[in-house]
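Let's start with one chain on its own, the form predicted alone, as structure tokens.
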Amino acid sequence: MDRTPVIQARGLKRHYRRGSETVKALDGVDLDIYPGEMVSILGPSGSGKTTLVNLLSCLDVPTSGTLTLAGKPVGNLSEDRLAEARRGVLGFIFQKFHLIPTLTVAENVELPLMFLNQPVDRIATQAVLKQVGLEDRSGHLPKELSGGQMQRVAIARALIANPKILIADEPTGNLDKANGEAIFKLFRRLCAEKGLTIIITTHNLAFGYEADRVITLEDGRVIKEECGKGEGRS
């Protein structure tokens, strides 16, 4: 594994004002995430998971501290510059699938290319669908799919622009145990075969510990960092 961090945070803080109170949603996080590893971020509600992921995703800016994404400092960029930093580097997967009901599976997968001003390549679309096991569902509408299949479409959509990093926020929250396990096996395979870095937030401890590393937050701070079951797998 490449030991040059693809994401590096130092002293990362995100504070909010709520009336006369300062809410320390994130309060000084140091973190290195490396190419090709799967990292789970655990913690109870209010621990800072979502805030941390939003900062690592360049969807929000820190109050203080430094953040480097793919070798570029991004901690204090404007929204336009943050959008540019995300482009081609980050892919996003959410608990809610956010599929367009009137578009086919293939069209949903190709949607990000429109926003990136990139041409659609149907061969590439089929290749991505094959990676997630849905090559025979390209012409189906979302209503014709199971929950697990819809999440796989969302993963394929995140992969279509060949990102270096996938951010998955509670990706199994709407799935049963069997489909959740299948999604985590897919993440493991994507890390191994494509060298993707995958960052996952989850409330499911069993799934979380399938990662290479497990980072636990509490009150906006990292209180524990452990090796997961994925450490050392090929």
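In this text, residue numbers run from 1 along the sequence as written. The structure presented is a predicted model; accordingly, all values stated were derived computationally and were not measured.
Omitted from view is the form predicted in complex with a small molecule, to which the following refers.
K.L.:
Scan Thr172, Thr51, Thr197, Ser40 and let me know which has any heavy atom within 4.5 Å of the small molecule in the predicted bound form.
P.N.:
Here the answer is residue option Thr51.
K.L.:
Considering the small molecule in the predicted bound form, which of Asn204, Ser57, Ser47, Thr68 comes within 4.5 Å of it through any heavy atom?
P.N.:
Contact with the small molecule in the predicted bound form is made by Ser47 alone.
K.L.:
With the small molecule left out here, work out from 186 to 194, 23 to 31, 205 to 213, 173 to 181 which stretch has heavy atoms within 4.5 Å of it in the predicted bound form.
P.N.:
That would be 23 to 31.
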